[in-house]
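Quick setup: one chain, the form predicted on its own, written in structure tokens, and binding and motion questions come after.
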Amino acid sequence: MTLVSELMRRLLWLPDVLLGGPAYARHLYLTRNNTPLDASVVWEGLTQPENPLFHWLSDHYPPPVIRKLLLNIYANSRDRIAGVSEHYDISNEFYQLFLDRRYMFYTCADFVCDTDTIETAQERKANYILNLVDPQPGERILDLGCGWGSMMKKVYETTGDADNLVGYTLAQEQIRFIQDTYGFRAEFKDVVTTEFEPESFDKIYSVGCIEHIPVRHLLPVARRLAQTIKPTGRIVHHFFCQLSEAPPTRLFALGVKMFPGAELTSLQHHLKVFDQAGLHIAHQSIHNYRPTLRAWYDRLVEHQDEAIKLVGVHNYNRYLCYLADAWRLFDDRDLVLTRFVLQRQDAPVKLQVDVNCHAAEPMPSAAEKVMSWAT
């Protein structure tokens, strides 16, 4: 590390604190290091309780109304599609270093015991979501934000029907991977702007897509999706969100540096959107993201040299800090990972979703019980 770069890191500390708070400044200070970070020090420093003063400042500065305003301004000033590409197109080979080897899921897995591997936990998650979607041969099925084709692979293994399966993504590298690896139909399309033919799909599901839809577009998108499924169809969403209206302070660095243009809102707001869009909740559950984030962290550290060769030391450091900070956000219950099965309110028969899986806690159906769980 040069003397100049170290001096710049120190000089930027105070402005970063004033702009986004101490947790934000700490994240940026660490990621600007020109040498690989000590993984054990990073994990301990970002996931464990800080001294009382730092903790209080991290929770209260900037004030909630300012945090919400700043992140809203930032999210709406960035090109959201370019932000998706910036994160997901960094390198397919890089993500292969730390994601599970069978599916390459970049979303929460379902761990049930300490001896589970990331492969076992992602297989369990895939089975859980498969049961929610309940795909049948001949049904038209849409995967929103299809990633590297993870869930498309699982659906195809069940139905054997690739002709009626399509995935949308905003990452060109993911499209290339899906086409080269599976030959599935993957298209560069944005759910926010895509117009769908009414009642043209039997099933629509998303695994980690809702987080990339701007808050102001959530209701219009939900209404279009409600019109796009057949009366007997269903929508399955797996996503994480805030438990409060104001974004937590530790979300600043992740929202600004890791997911440019992304914008989160509260679970309460999502429930309101589903209701206003004419969607009935047939299933809802919460899931523990922390073991997945720790498994990714450990595997990335294990492949430190390969990661640095692929994306450079700064990106390696960024991902270490991002995974540790994300773990802390879920541990503090500032964020929650949830799954929903939705159907049209005018559906002829109400769905009875019975998931034979022990990887999740059942969620109360009332929003008040959801919120009381978080306290």
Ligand SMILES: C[S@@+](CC[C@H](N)C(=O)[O-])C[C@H]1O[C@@H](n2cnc3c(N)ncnc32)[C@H](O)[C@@H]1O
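Not measured: the values here are computed from a predicted model. Residue indices: 1-based, along the sequence shown.
A second form of this protein, the form predicted together with the ligand, is not displayed here; the remarks below concern that form.
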Completion exercise
Note: exactly one of Val256, Leu132, Leu165, Val191 sits with a heavy atom within 4.5 Å of the ligand in the predicted bound form, namely Val191
Problem - in the predicted bound form, the one of Ala109, Val155, Ile235, Cys146 near the ligand [non-hydrogen atom within 4.5 angstroms] - result: Cys146
Handout entry: Partner-proximal stretch of 202-210, 111-119, 223-231, 155-163 relative to the ligand in the predicted bound form, 4.5 angstroms, heavy atom
Key = 202-210
Exercise for the section: Mark Phe177 yes when one of its heavy atoms lies within 4.5 Å of a heavy atom of the ligand in the predicted bound form, and no otherwise. Expected result: no
Problem - Contact flag, Phe184 vs the ligand in the predicted bound form, heavy atom cut 4.5 Å - result: no
Exercise for the section: Considering only heavy atoms, tell me if Arg80 and the ligand come within 4.5 Å of each other in the predicted bound form. Expected result: yes
Exercise for the section: Would you check, heavy atoms only and a 4.5 Å threshold, whether Ala171 touches the ligand in the predicted bound form? Expected result: yes
Practice task
Report whether all of Phe239, Leu251 and Thr338 sit within 4.5 Å of the ligand in the predicted bound form, measuring from non-hydrogen atoms.
Solution key: no
Fill in the blank from the handout: Those residues of 66-99 with a non-hydrogen atom no more than 4.5 Å from the ligand in the predicted bound form are Arg80, Val84, Tyr88
